[in-house]
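Have a look below at one chain only, the form predicted on its own, in structure tokens format.
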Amino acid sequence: MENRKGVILNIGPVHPATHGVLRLIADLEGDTIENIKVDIGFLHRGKEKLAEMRYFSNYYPIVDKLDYVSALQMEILFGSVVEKAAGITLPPRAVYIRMIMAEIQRIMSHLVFIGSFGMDVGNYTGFIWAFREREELMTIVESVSGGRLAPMYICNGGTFYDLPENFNQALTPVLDDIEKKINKDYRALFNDNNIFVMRTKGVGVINKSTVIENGITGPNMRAAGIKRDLRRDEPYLAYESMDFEIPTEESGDSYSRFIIRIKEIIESIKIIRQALKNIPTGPYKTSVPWLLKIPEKQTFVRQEVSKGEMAMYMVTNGGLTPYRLKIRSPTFFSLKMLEKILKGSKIADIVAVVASLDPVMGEVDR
């Protein structure tokens, strides 16, 4: 950044326990941001290159650590691209199990967003509440898979285990409790909180043209008024059989990005209830060799994960591992947009705007 009379302020890279090792270099005039640069790459671990050295069956622990608060969705996406390339058809029950787990993971991810966003704007109670609700769902995930943050539950052809016998009885009251608290307690804590509203409304505004120009997807896109969701527009799993809404907001500000995720939690609960009611009986996986060979081809799959549209492009050459794997991560595009939307903002708004985009750097620094 060129020399000038103003002040250059380094923000981060911060500890991975927050939003990740993200560094922002702000060029200030007083407390106003004249220019800002996004510096990434501090967490890069070569995830795409590692795929070339792993069998199709044992790359799942690696994808778990991409968006590590949405690990199940990462596993489902990789499983889908392998199965499409290999011509593997999932049993109907496995399709529903994956969809249920994907929506549980979406709720868990949005709860992390709510909690961390609240803490970043001074609402520590919101952090405690959101992580309390997330912990209930993590216990459910553990009962199914044996894992919590990194479940390692998806395998080629389905899932490692069937749902436990008491799954419905354990999950239903948790969903009811979360829905009740979102509609009542969280509204009072956030929506009716004048300080939270002042810190977020009209802050970090993203318009539709900026969304399109920067390839923004997911909740950050829908908060700007664009009604697009791959679960509805390009259905996969059993989403075409589900009745749910695609929430949108028009303001495109930090407050709208918060509201979208609140509404999406309610819609995910609606999807899970329908899926539990209609889940087929039968096998939860199909027989697939552990050492899988996939013919020479190019395969592309994209899905609607909690952060937006995530895609995998895999090239195979008849061997036991991917020849090449390329990942399209939604947060990468959202972060680039910071250089535009933070210009002219105040220093105090930086943390709020970054938090409103819901970044997880494991997905960005692949």
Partner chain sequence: MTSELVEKLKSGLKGNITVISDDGVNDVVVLSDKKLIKSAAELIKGTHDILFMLTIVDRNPNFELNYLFSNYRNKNIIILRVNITQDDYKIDTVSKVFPSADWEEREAYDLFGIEFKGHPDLRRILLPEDWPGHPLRKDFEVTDDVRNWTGLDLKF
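A quick note: this is a predicted structure, and the numbers were derived from the prediction, not measured. Numbering follows the first chain given and starts at 1.
Although it is not shown, the form predicted in complex with its partner chain is what the next lines describe.
Contact check for residue 41: a non-hydrogen atom falls within 4.5 Å of its partner chain in the model of the complex. Contact check for residue 228: a non-hydrogen atom falls within 4.5 Å of its partner chain in the model of the complex. When contacts are judged by a 4.5 Å heavy atom cut-off, residue 214 counts as touching its partner chain in the model of the complex. Residue contact with its partner chain in the model of the complex: residue 48 places a heavy atom within 4.5 Å of it. Checking 151 to 159, 228 to 236, 285 to 293, 67 to 75 against its partner chain in the model of the complex, the stretch whose residues place heavy atoms within 4.5 Å of it is 228 to 236. For a residue to qualify, one of its non-hydrogen atoms must sit within 4.5 Å of its partner chain in the model of the complex; all three of 311, 315 and 365 qualify. Residue in contact with its partner chain in the model of the complex (any heavy atom within 4.5 Å), chosen from 36, 62, 335, 341: 335.
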